[in-house]
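In structure tokens, one chain follows: the form predicted alone.
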């Protein structure tokens, strides 16, 4: 078995933020959530998060979003406080009282290194166990290793030396293998050395790498994709990591049968599910727990967030959040669906139509210039241009119900609470304030008055 320690105590001053660095978001998850997700598949016996700066925020964030952890197969999160941030070695020293009886391996991860793949961690742990190492270090061969400490190994990948970049000779700088800051330790061996760490450096910090000369054997494992070890120190690093994440996501979906017309202008969260033959047009963004059905076309210029779109649907220049759209339905251009709206199959929600907490039955249309809030529409309803459900009385929201096959004329206002039965026709320009029975025509407007020969009198002021 293996325990996991996640270092999440630092402030991250270069982020220029009051928020702890590990709580900044990379796509749909915080940095530390992504680190946590990467280690779930190895089924650790314990997961310990070491917190410090605003540790209550970090702890509450992880506990509030614990759906990221498979609680059936993984332990409850534990939190250990590092009151002073005196380096990585000092952080792991805080575990000594908590792991007194622990005799297995400890995987050390950084809360600001969010792109590690689960298979990389499994490879690290497997190598560690197979070789019965005291320590195993994840390393990467960087195209430009400037600024990174170098790891030197023999032909069997056993570590012989660690040299900081500033201390490297010209020849040593030709070595591109660097320390990724991810380790697997035999905990009893590490626990003996931790109390002896010294802060003999300019920063007066305790470095975890200082234990390596006292452990044997120590092996390096090279990560296949060096981009996995990208750490986040500032906003530019965050943007770089997002680009890497997006490239992974979009490559995977294109390989699975999804067409991305202009991948560079599209963003897709890794919580999104796409079925085959979906087409994503340029300038489209799909976020949160969204699902797009087979054969649907999304965009250009659309935002889908925490919503489900059925098969063979289309969404053009529109925003859909927290809503459901069924098969063969057309949305847009310039429609807005929000607040748990639900649209049936073979519908059209068209130009400049807004739905808020509305339910629209199959084969119903609201083609243009309408607001349907807190409304329930039956099947084959036709909403005329400019129809408004006046759902708010200044204090409370109220419901509007429209029965099957009913029609509203242009510029109708339905003042809620109000119910229109089936096969009702509302005359254009009507303001409906009372319920209407089935098979009825309702006209609720003042009779037109025409006064012949009338014109506005001219005054001296207006000419």
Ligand code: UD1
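Quick caveat: nothing in here was measured; it's all calculated off a predicted structure. Positions refer to the first chain, counted from 1. C-alpha atoms forming the largest set that superposes within 1.5 Å between two forms make up the rigid core.
Separately, the form predicted together with the named molecule exists; it is not shown, and the next lines address it.
Engineer: What is the one choice in 110, 328, 382, 74 with a heavy atom within 4.5 Å of the named molecule in the predicted complex?
Structural biologist: By the 4.5 Å criterion, the partner-contacting residue is 110.
Engineer: Only one of 82, 296, 284, 186 comes within 4.5 Å of the named molecule in the predicted complex by heavy atoms, so just point that one out.
Structural biologist: Checked against the cut-off, the match is 82.
Engineer: Give a yes or no on whether each residue among 356, 411 and 426 has a heavy atom within 4.5 Å of the named molecule in the predicted complex.
Structural biologist: No, none of 356, 411 and 426 comes within 4.5 Å of the named molecule in the predicted complex.
Engineer: Using a 4.5 Å heavy atom cut-off, state whether residue 7 contacts the named molecule in the predicted complex.
Structural biologist: Output for residue 7 is yes: heavy atoms within 4.5 Å of the named molecule.
Engineer: Any of the heavy atoms of residue 371 lying within 4.5 Å of the named molecule in the predicted complex?
Structural biologist: Flag for residue 371 set to no.
Engineer: Do residue 162 and the named molecule share at least one heavy atom pair within 4.5 Å in the predicted complex?
Structural biologist: It does: once the named molecule is placed as it appears in the predicted complex, residue 162 has a heavy atom within 4.5 Å of it.
Engineer: So in the predicted complex, does any heavy atom of residue 14 sit within 4.5 Å of the named molecule?
Structural biologist: Close contact exists here: in the predicted complex, residue 14 approaches the named molecule to within 4.5 Å, heavy atoms only.
Engineer: Name the stretch, out of 148-156, 296-304, 311-319, 265-273, where some heavy atom lies within 4.5 Å of the named molecule in the predicted complex.
Structural biologist: Contact-bearing stretch, as computed: 148-156.
Engineer: Taking only heavy atoms into account, state which residues of 169-195 are within 4.5 Å of the named molecule in the predicted complex, ordered by sequence.
Structural biologist: The stretch 169-195, when checked against the named molecule in the predicted complex, contributes 179, 180, 181, 183 at the 4.5 Å heavy-atom cut-off.
Engineer: Hey, does residue 145 budge by 2 Å or more at the Cα between the shown form and the other one once the core is superposed?
Structural biologist: True for residue 145: a C-alpha shift of 2 Å or more.
Engineer: Relative to the superposed rigid core, does the CA atom of residue 161 travel 2 Å or more between the shown form and the other one?
Structural biologist: After core superposition, the C-alpha of residue 161 moves 2 Å or more between the shown form and the other one.
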